[in-house]
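Okay, here we've got a single chain as C-alpha cells, the form predicted alone, with questions on binding and movement later.
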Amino acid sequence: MKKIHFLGECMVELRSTQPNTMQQSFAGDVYNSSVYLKRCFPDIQSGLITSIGEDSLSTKMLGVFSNEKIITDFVFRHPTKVAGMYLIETDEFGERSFIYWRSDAAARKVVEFLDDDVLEQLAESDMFFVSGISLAVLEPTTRSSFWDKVSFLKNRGVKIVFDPNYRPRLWVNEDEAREQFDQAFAFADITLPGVEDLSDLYQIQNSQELVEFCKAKNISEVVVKDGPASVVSYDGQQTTSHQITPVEHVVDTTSAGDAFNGAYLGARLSGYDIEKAVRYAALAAGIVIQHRGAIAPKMAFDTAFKHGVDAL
C-alpha cells in the first residue's frame, strides 16, 4: 500500500456565521491536503506529522484526524504548548482573510520529536510533503536539523514534495524565506507552486518562467497552478498546458490549492499519468470551493467527487 506523510500544522479554525457567533473546526494546509488525498484515494495511507498540545481542543483535533482515517502515528503531544488558532473571514467573492494566534503553537516544536526511530519509520513512506507554511512555522533554531532529516529521507528513496506557498507575515523578511525555499527546492523531486507564491521572492511573472526556474533546480516533476483556468506541468522532458473549466459558483476558496495537492499526489501514487492526475486534482479543488470552510462536508464531497470522476 502506498504511503505519504505531510509535515506541518493543523489549527483550530474559527469562522463567523452570524453576529457574535462562531463556528469551530480544524484546518491547516498540509492537514487539508492529507484529508482530501484520503477521501479521493482511500487505499493510500495518508499521514500527518505534527505536534499538538494536551489541551482539550488538541484532543478533539486528534479525534477528527482519526475520523478522517489519517495516520496519527507521528502526531506528537507537547506537554506545555497548545494548538494554534485562526479566524477566517470571507468576502462576497469567496476571497478570505485571516487573523492568527500561533506564537505558542505546539507545531513549532515538531522537529524535536523526529528522532532516529521516527525517521526510520518515515523512510518507509513513498512521499514526504512539506509546504512553505510548514517551513515558516518551524522554530528557526530547528531548521538546520530539519534539513538534515529531509536529506536522510531523500537518501533512503523517499520522494520529497514541496508546495512553496509563501505567506509574508510568517517570515522575518524575504531573505529568510528565500533561504528556506532554496533549501526545499534543492531537495524536491516534485513541486506544486503557484505563480503568485514566487513572484515576490524570485520575480517570477508567469508559468513558463516558473517551469524554467524549477528545471534549473533539477526538479523532475512540476505542476504550476496559475489561476482558476490554467495548470502547466513539466515531467522532466516536456511542458504541457492543461485547460481547466472554472467553477461558476464560488463560495469559499480557502483550501482549493490544498485539495488540488492532495488529489494530485493521490492520483500519482495510484499510478496515473500527470494529465489524468491534474484532472482529478482540478475536480477536487472545484468541489471544495463550492463549500464554506477548509474541509468540505464529507458526504457532499465524496458524492460530488464520485460523480465527477465518472464524467471525466
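For every residue, the number given is its place in the sequence shown, counted from 1. Owing to the predicted nature of the structure, the values given are computational and were not obtained by experimental measurement.
The next section is about a form of this same protein that is not shown, the form predicted in complex with a small molecule.
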| query | finding |
| --- | --- |
| Selected contact from 61, 247, 274, 70, since only one has a non-hydrogen atom within 4.5 angstroms of the small molecule in the model of the complex | 247 |
| Single option in 267, 44, 27, 256 placed near the small molecule in the model of the complex, where near means a heavy atom within 4.5 Å | 256 |
| Close approach of residue 226 to the small molecule in the model of the complex, 4.5 Å, heavy atom | yes |
| Residue contact check: residue 198 to the small molecule in the model of the complex, 4.5 Å heavy atom | no |
| Proximity of residue 260 to the small molecule in the model of the complex, heavy atoms at 4.5 Å | yes |
| Close approach of residue 40 to the small molecule in the model of the complex, 4.5 Å, heavy atom | no |
| Heavy atom contact within 4.5 Å of the small molecule in the model of the complex, the stretch among 44-52, 62-70, 29-37, 279-287 | 279-287 |
